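Same protein, same chain, two forms; see structure 1 and structure 2 below, as structure tokens.
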Structure 1
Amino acid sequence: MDKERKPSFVERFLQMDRRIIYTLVALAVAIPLLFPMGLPIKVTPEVRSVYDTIENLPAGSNILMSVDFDPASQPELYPMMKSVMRHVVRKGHKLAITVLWPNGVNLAAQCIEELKLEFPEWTNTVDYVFLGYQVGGAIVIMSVGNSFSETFPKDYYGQSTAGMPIIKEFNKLGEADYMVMFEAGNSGDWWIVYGTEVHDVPVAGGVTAVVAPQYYPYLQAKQLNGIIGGLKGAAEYEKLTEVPALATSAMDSQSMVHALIFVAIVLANIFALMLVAEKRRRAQEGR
């Protein structure tokens, strides 16, 4: 008897083909990219803290960046890395860049090349050194506590690091005035435990949204000076540096999809409760 019954609207809604939802998500992403709405971006204290620290350091301060992500996290972390790096270059700080994830090397190199087009006077070996990738993770971090030039005898471009002008002033983690790490995994834990806590260097994390909750306890414990979380954090940093780019343009799409998912979760829960009530009513009628 029950098998012949046509499914109710509630049942049909809850068994909706998932491809309809995929299509709606695709439209929610594509339409705001075509027609930007310019929704406001509010800067959070943890992102402002990173900006303020870099902004308030005297020109020529030593900054270390670690690029610990790969192309899988590029949409989130690349815009924020470029934005932070641009800020560092604009303020005239010295920059050393390390990579702990092998597939992150080319992303860091690409970012440097793009910034060199914006700042032609930004000079390799004098204003910055790109130390490249080194295998070892936590061991590399402990080793840069002693010396960059011994841990990375040659830079990414194959030049010997020992004689570089920048290395004469900035040759170990302890000489950094600030550190920003870009993390898609747990290498940030290593930097904090084996690096910045040992050498008392203030550090901030530019992290993917997936791992952001893992890093907030460090912010609470003041082991991190700030967090730039996900694409939203990247957009906030772009707003602070007044150079809107990829992250800013993505924020409308992000908000639209979040609204869509919010509505979908609320509707699905309401309909699930309605289904329970419907089944109960049907059971009572059949009794």
Structure 2
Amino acid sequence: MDKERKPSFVERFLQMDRRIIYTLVALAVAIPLLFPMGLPIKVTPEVRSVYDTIENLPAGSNILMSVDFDPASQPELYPMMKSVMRHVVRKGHKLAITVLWPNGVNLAAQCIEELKLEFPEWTNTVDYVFLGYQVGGAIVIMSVGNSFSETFPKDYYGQSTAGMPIIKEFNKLGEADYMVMFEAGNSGDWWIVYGTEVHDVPVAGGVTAVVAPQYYPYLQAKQLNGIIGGLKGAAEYEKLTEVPALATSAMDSQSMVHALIFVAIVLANIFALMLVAEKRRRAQEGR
């Protein structure tokens, strides 16, 4: 008799086809990306510190950026890199860009090309220099403390760096007024130990969410000026610059998926309790 009984609504819910759940998750991700919801984003002090420093530097200040990540970390770090770089360009600062991870070269080049479309007046060799990749890690950092042009005789585009107008005024780490490193690993430790501590340059870290906790001790020790952590940090920076982009819409998607998971867990527990009560009731009725 029990085998012939049709499953109850509670049982059918708990045996839901997983493809329905996958579809709901896909919709929760896709819809906010296509139609941003603009959910509120609270800016944390460590992100605001980076923004305020770049914002308050006199126009024409020297800023060094290090792109030390690869495509695996692109979803988190690329949006913040582009947002910070856009801010630097808007404020009219001079920018030198280095890369310690070989797979980060194309990401940095892509970001530069995208910003050149927004700011056609932004001029290579005058307003910025893309030094490119150099093998050596910490040795490269110590070397740029002496000279960019000696460490990178040619830039990413194959041009000699020695005669560039920007290099004449900004040719070593110690001449930087600020530095922002975008890190997916431990290269940031090298910049702090061998770079900023030696040359007394304020530095901020743009890092993945999983890496961020290891950098907070540096922040507390005032060896870091600020931290932009993960996708949320990138969205916070987009809010400060008033240019909502990929990180902002991605945070909407993340929030929607988290909400969906929360609702699913609550409903699953409610229906599980209902199923227990239903089985008890059938047992009492002799079924």
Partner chain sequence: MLNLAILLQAESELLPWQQSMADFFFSDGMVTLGTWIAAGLTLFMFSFVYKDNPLFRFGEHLYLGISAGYLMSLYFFNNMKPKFFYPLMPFLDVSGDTTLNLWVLIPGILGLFIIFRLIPGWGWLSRITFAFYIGGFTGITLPKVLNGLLLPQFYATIDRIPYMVTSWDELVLLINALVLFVGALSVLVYFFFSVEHRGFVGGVSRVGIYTLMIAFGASFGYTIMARVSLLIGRMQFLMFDWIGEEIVGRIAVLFHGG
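Numbering runs along the sequence of structure 1, starting at 1. Note that this is a predicted model, so its numbers are computed, not measured. If you superpose the two forms and keep the largest set of C-alpha atoms that fall within 1.5 Å, you have the rigid core.
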| property | result |
| --- | --- |
| Number assigned to the form predicted in complex with its partner chain in this pair | 1 |
| Angle through which the smaller rigid unit swings between the two structures, given in whole degrees | 25 |
| Per-residue Cα shift, Pro36, between the two structures [Å; core superposed] | 4.0 |
